[in-house]
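There is one chain below, alone, in structure tokens, taken in the form predicted on its own.
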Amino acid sequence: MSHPYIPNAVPAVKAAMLEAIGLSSTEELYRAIPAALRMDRPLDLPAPARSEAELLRHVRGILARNVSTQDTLSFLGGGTFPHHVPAVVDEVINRGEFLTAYAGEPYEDHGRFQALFEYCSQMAELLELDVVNVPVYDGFQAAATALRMAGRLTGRRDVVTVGAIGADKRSRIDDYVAGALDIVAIPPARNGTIDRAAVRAVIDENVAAIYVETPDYHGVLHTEIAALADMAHDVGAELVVSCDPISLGVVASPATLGADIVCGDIQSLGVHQWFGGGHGGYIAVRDDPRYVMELPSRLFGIAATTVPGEYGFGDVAYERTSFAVREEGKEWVGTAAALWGIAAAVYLSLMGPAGMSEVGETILAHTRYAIKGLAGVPGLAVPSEHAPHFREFVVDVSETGRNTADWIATGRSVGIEPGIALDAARLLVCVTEIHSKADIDRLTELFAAPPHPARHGSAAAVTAAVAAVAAAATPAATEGSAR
């Protein structure tokens, strides 16, 4: 049955389109989605609202059920992080010329091209690379695109991923590279580090890239980047590193350690958690035409005009993109997450090198303080305690006699979100510059206060032990939030 407002709804047109892609029905388009997640009945919709006032009351009732991470003591991260956003960032990105301009097209550009050029320039300086794209949808998309680039550069199909990668991100990567690349995953060792022997065992001349994240999904900062670069380059492969740019005030850029393509998400640079986050993905390469021309997304540059002292800003190598060559493009390019790029540009301008160093040092100190405090609670363990961490770490609660769901419920009952449940035994805890020493102590006390099995001693003894650990672990930098 055709519909006047739905394109290509005429049955004959739908049949021709299905034939062109080798399918017999539209149901086959959804075969990758598990049956349990697919709707097999009409939507259970309420009766239509009788007035605008009734609709507003209904929507406000739904919104009132939300609990913001700003209304509780939250240690939730997992890809969307609670970093401080200076007020001026929101002021700038809410300006009409930035907030409403779609993709920065010339007929509605009132400084957006220049703002995005400044973003690309600042990110390039931070990453110590030459060329950075206008933000794609998010870090997931950036990682998947970076791997497709590596496949095209090498003409190979195999990708080796190492370390902890979030399940959601891995799912997005799998979907995006399906049919073009095959992935072999090397999980992290028990202590959170990379198993170099396992990587060597699978590296050969069929590998297009080694992919690693630092910090990874469990917050571990990997010290093996240079070694992985050597392994990749020895067989003619690329090293693709996903890196959170907020760490680069205190951690060496992957580019200086041998990475060929660096990618990641910019949510940590001046973007709120926003009930799931405003995200933008960056991809950075050196100034080598082989790499630059494989970037499918938009690049912005600066050029002199015919007026002395006047400059213009706009697309570089536009002919690479699917906007220019349509179906002949190397990848499809969609709407850029440009507004978040402008937010990141404002954030980086405010912070400067000294500010980025200060916020990085604060996060490192807070993270280590939290690890020491929680690892000192009887019944808790931090499996990768002795590995360097940035912002996040895993806590094993299996010896407390309670699972992660119980601990999360207990935390919420006293206004604390203690972390993300990775499974029944492990929580992913996030600590940033916004958490004070008192905040971290309160999290530690949450786990110390309930009675533990008899072998762990009384609750009073546990509390005393935690206090002793906290006193021994306190660094000067944890006396308050950085900003």
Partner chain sequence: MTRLPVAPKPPLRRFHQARWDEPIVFELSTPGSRGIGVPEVDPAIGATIGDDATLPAAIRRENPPALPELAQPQVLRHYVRLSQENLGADFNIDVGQGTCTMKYSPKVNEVVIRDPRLYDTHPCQDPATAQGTLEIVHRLERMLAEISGMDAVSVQPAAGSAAIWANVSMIRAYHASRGEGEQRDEIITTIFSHPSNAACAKTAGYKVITLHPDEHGYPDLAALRAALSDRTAALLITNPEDTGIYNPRIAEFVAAVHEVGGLACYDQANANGILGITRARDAGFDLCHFNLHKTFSTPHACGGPAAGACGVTEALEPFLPGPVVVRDDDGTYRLDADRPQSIGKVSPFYGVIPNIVRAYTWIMTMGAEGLREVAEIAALNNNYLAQKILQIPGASMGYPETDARIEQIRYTWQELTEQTGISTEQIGWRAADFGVHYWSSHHPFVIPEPFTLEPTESYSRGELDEYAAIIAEVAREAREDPETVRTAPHRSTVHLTGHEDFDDPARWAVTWRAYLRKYPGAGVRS
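Think of the rigid core as the biggest set of C-alphas that the two forms share within 1.5 Å after superposition. Everything quoted here is computed from the prediction, not taken from an experiment. Residue numbers count along the first chain shown, from 1.
From this point on, the text means the form predicted in complex with the partner chain, which you will not see here.
Contact with the partner chain in the model of the complex, judged by any heavy atom within 4.5 Å, is made by just one of 111, 258, 187, 401: 111. This chain is drawn without the partner chain; in the model of the complex, the residue among 231, 375, 73, 124 with a heavy atom within 4.5 Å of it is 124. By the criterion of a heavy atom within 4.5 Å, residue 205 is excluded from the residues contacting the partner chain in the model of the complex. When the partner chain is considered in the model of the complex, residue 381 lies well away from it, no heavy atom lying within 4.5 Å. The partner chain in the model of the complex is approached by residue 417, whose closest heavy atom lies within 4.5 angstroms of it. Contact annotation: residue 349 falls within 4.5 Å of the partner chain in the model of the complex, judged by heavy atom distances.
Remark: none of the three candidate residues (193, 209 and 442) comes within 4.5 Å of the partner chain in the model of the complex, counting heavy atoms only. In short, of 156-164, 73-81, 233-241, 193-201 it is 73-81 that has heavy atoms within 4.5 Å of the partner chain in the model of the complex. Shown without its partner, the chain has 388 as the single residue in segment 383-402 with a non-hydrogen atom within 4.5 angstroms of the partner chain in the model of the complex. Core-superposed comparison between this form and the one not shown: the CA of residue 421 stays below a 2 Å shift. Superposed on the core, the two forms differ at residue 59: its CA moves 2 Å or more between this form and the one not shown. Positional change of residue 438 between this form and the one not shown stays under 2 Å at the C-alpha, relative to the superposed core. Between residue 90 and residue 56, the Cα spacing is smaller in the model of the complex than in the shown form, differing by no less than 3 Å.
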